[in-house]
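This document opens with one chain alone, in structure tokens, the form predicted on its own.
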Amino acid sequence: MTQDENKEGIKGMANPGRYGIERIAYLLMRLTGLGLLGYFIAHVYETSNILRGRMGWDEFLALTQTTEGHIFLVLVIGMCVFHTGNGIRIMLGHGGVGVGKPARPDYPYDPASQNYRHKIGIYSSIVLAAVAMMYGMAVMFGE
């Protein structure tokens, strides 16, 4: 690879067609982790508003009772479910579950750890997150 071909930057790193579903899961895991960290900090701040009394609590809580607040909470639900499901898949993989048998690394090297079992785990995490988000929308927006 010449130096001119290696100038894609972040666009090249985030290209999902280039590396497959494993790269998408890697990026989503990092993004959902940062998103959940931000939500945790905001949640601690929101919960500390109870020290302002009932009026202060109700005033601040009114921010989440809007359409934008509900959409934000639906995204938090999706991030939480995906991050949990994909984290369980990664922990099982590190424990050797679903990794496959070790083989001699002959060219072309096909890693046994990137098999259909782990891809099913990634897709399952995405589907579970989507279902949880739909359920959350039905609870918050439905009747």
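Just so it is clear, the model here is predicted, and its values are computed rather than measured. Residue indices: 1-based, along the sequence shown.
What comes next is about the form predicted in complex with protoporphyrin IX containing FE (HEM), which does not appear here.
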According to a 4.5 angstroms non-hydrogen atom cut-off, is L75 in contact with protoporphyrin IX containing FE (HEM) in the predicted complex?
no
Is there any non-hydrogen atom of H94 lying within 4.5 Å of protoporphyrin IX containing FE (HEM) in the predicted complex?
yes
Exercise: V99 in contact with protoporphyrin IX containing FE (HEM) in the predicted complex, heavy atom 4.5 Å:
no
Is G33 close enough to touch protoporphyrin IX containing FE (HEM) in the predicted complex, meaning at least one heavy atom pair within 4.5 Å?
yes
Give a yes or no on whether every one of T84, G87 and I90 sits within 4.5 angstroms of protoporphyrin IX containing FE (HEM) in the predicted complex by heavy atom.
yes
Determine which one of 23-31, 57-65, 107-115, 43-51 lies within 4.5 Å of protoporphyrin IX containing FE (HEM) in the predicted complex, judging by heavy atom distances; exactly one does.
23-31
